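Consider the single chain below, provided in structure tokens and representing the form predicted on its own.
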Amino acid sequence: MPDPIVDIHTHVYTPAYLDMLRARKKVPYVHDPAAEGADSRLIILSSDDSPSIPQDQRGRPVDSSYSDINVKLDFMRRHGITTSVISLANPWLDFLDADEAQTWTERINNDLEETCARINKFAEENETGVKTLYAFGALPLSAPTAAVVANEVSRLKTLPHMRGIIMGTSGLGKGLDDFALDPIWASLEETQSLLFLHPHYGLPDEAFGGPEVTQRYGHVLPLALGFPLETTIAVTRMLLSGVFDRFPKLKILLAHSGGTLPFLAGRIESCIAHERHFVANGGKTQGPVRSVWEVLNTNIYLDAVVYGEAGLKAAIHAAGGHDRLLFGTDHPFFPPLDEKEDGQWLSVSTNFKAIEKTLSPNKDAVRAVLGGNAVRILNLK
């Protein structure tokens, strides 16, 4: 029996979800081109929807890899991945009207569960080596009350193939330090459901020099810099507001190795220790009680989608060891620009090599990051 390789960061836009986006005319939406044979375009960032950009060049091309589960399974075969934990990608369901949020969320989560059940049933009935799937569900964050969202967390726990939920950094619209999120944190803690926290909005164009600059360099600045900083800011706000003090058993998996959090944890801790606004230093604002390092070592897991040894070493150090690091690919994003004969994706092979080089010669550590940790943490068969 080969060692498991588990991809915990891999996205699927279900057909119903894409149909919903196609029916929209404002961000987020899918534009179907008039030209026969041309790819549809997924526009999820406001900076991609500028009138100065031709309609057929906005956003990113959407092909069958976004929604066809058979393409996902073929990708897994190419790269030796035994199990994938699939999830919606940004923009998730945050943009829905309140009266639609619960209905669409239940429908899409049920679709994800059905897909996993069907694929896994086939795997059980056929030869060893057939791929298996699990999922992170989405939440109706625009629902009328946080209680509705918390109820979906509890419902997902009853579905056999769900292993947690995925959420963006806006929460209910005011960020993750919003006290209105407490019923959701409580439900996640009570059910011991893992939260996969994933960035979406990046930073404002002005942070990079304005829209002209971001458009000049495509997605490099918002994806390479904006996404990691978005994650870092969101988690730091949670820490400062006492989320991890009120909910000490909350479990969070951070995308992209936690953004810049592993590099900046010491600086964040130092600034907290010297902040005169906080009660601990004679001020009137209750600052965090637990340290950044304690939270990183007990509440937070990191994926290994960082594409380099330096980032992985920082992630392992910040997490307190390799046993809190999990392999991921970010499929279907970052596909090869030129299809090679072996069909290997550079974005995936780079992650494989970084893990191997960082942890060798400790083969047990390599196996743990590639799959063993996910099997243990997510209770996978």
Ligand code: 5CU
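One rule holds for the numbers: they count along the sequence shown, beginning at 1. These numbers come from a predicted model, not from an experiment.
Below: the form predicted together with this ligand, not depicted.
Leu45 is the sole member of Ile316, Leu45, Val30, Ile69 with a non-hydrogen atom within 4.5 Å of this ligand in the predicted bound form. Residue in contact with this ligand in the predicted bound form (any heavy atom within 4.5 Å), chosen from Val130, Leu223, Ala280, Ala98: Leu223.
Figure note: of the listed segments 22-30, 345-353, 51-59, 326-334, the one touching this ligand in the predicted bound form, with heavy atoms no more than 4.5 Å away, is 326-334. The shortest heavy atom separation between Asn90 and this ligand in the predicted bound form is within 4.5 Å. Within this chain, Trp185 is remote from the site of this ligand in the predicted bound form, having no heavy atom within 4.5 Å. Contact check for Phe227: a non-hydrogen atom falls within 4.5 Å of this ligand in the predicted bound form.
The closest non-hydrogen atom of His198 lies within 4.5 Å of this ligand in the predicted bound form.
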